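Before any questions on binding or motion, here is one chain by itself as structure tokens, the form predicted on its own.
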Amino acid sequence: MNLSLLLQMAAEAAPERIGLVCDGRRWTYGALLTAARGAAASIAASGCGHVALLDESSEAAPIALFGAALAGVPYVPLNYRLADLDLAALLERIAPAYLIGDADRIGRLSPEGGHRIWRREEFVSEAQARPDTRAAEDTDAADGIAVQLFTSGTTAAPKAALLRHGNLLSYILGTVEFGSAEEREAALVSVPPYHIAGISALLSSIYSMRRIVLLTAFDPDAWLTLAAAERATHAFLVPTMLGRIIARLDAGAPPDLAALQAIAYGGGRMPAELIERALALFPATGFTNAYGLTETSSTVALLGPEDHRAAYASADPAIRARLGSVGRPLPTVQIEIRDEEGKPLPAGERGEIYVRGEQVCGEYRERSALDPQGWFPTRDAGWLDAEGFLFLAGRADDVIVRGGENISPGEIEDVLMSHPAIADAAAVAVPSTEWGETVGIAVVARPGSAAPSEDELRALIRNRLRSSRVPERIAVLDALPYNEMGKLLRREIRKIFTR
């Protein structure tokens, strides 16, 4: 099997049912399949080894995704927000490619790449008009590469993560019931197409036969307007998106969101105050915290709606704390916490999160990261509580090593966020002659509040934690740096302390 099966099943079950809405244009499942088959014929005729998308969200994304699957060619959505130098290097790594999107930029950055370049509108028209005269292909091989995603590089070049058809299908078939959505249900998708969350949103919505409503680029007012107009029932948001939407609602934005049944979120740290405000603002909406990675074909652990409600309503600190967890592992996935030597740790002890399951690829173009038993080291730090709830403690690489003692940034940030005048906080490692590394913190004051003094911040941490956690360097910022998926860019904060 390959990914094309998901769209084929939906189109055969209800060819006239609306499967996609984008910029006011409505696509039936039958029309999407026809376009995907036309795209596959065009891709096969090009002889290119990759199908790449350099564009914002549009109907071109699902057509290219399924067209590539039908043609047996990896789909490679690219981050259009990358600097020219970085993007040029990625284009060189996939040349020659069947490229859709910003033709002028592609031609300027990779003039010798031999690419077959299509503007979005031209590609969609070609896909609709071209008959698929290819001989029937064997699409049963699950070990073929379906999607190649470039991970975000920090100190090294991005790695090319390879998601095979079997990995992605294992995730979808194990978590989604075919045709389970009612015809009125609509999933508002506002995450970018080059992120695994954007790809999994397309796949899961099509298999459940839930109408996909694409928002080209996120803006809180546009999101609210589209959600009301399309009577969106489901949505996926990163924490920063949810925060901006709630800010607009608190400021008096009027859209009708009564149809909204479920909001899933993930991709970054969710402040406790924000999720508590969301639960109060949307009491009838089910919230789900989804934790996953590119290399795991999306979600591996979920904190579901009932867990949210139970934690929010509980006076027991241990249960209340679960609002800050990412829930329990999926039934099809195993999770272990391991120490630096790779030995499993008991409940309550912090270490590195390891994941195993059929949906886990753990594979890069350059190498495989799986150990001999099939476990993937996520490089995320965390712990499991006695009931199996998973808590994240940042990236393992973000651990601050002060005089041989490992310090989790998360424990410092949690204390800082308890201060009523602090809206956001981050702790990072900064160089130290005496200790090798020591603690630096950056804080953002709440609107209308003055930032606490350095002495007050140090006293807060000293009283709640140990003296080794007290920061040597402190910065007060207007805002912390996040990427478009809500991930904190700690490297940018470190730069502040090394200037």
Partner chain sequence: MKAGTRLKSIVCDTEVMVIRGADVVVECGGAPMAEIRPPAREAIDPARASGTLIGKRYVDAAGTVELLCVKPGQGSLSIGGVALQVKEAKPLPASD
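Residue numbers count along the first chain shown, from 1. The model shown is predicted, which means the values in this text are computed figures rather than measured ones.
One more form of this protein should be noted, the form predicted in complex with its partner chain, which is absent from this view; the next part is about it.
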- Task: Look up in the predicted bound form whether residue 13 has a non-hydrogen atom within 4.5 angstroms of its partner chain, and give yes or no.
- Result: yes
- Task: Find out whether any non-hydrogen atom of residue 331 is located within 4.5 angstroms of its partner chain in the predicted bound form, and reply yes or no.
- Result: yes
- Query: Can any non-hydrogen atom of residue 234 be found within 4.5 angstroms of its partner chain in the predicted bound form?
  - Reply: yes
- Message: Can you work out whether residue 493 and its partner chain are in contact in the predicted bound form, taking contact to mean some heavy atom pair no more than 4.5 Å apart?
- Response: no
- Note on the structure: Assert contact residue (its partner chain, in the predicted bound form, non-hydrogen atom within 4.5 Å, options 378, 190, 110, 299) equals 299
- Check each of 207, 194, 118, 389 and return the one that places a heavy atom within 4.5 angstroms of its partner chain in the predicted bound form. 207
- Message: For a quick test of understanding: in the predicted bound form, does each of 1, 9 and 174 have a heavy atom within 4.5 Å of its partner chain?
- Response: yes
- Item | Interface stretch in the predicted bound form with its partner chain - options 75-83, 196-204, 89-97, 217-225, non-hydrogen atom within 4.5 Å | 196-204
- Query: If you look in the predicted bound form, which residues in 303-320 sit within 4.5 Å of its partner chain (heavy atoms)?
  - Reply: 304, 305
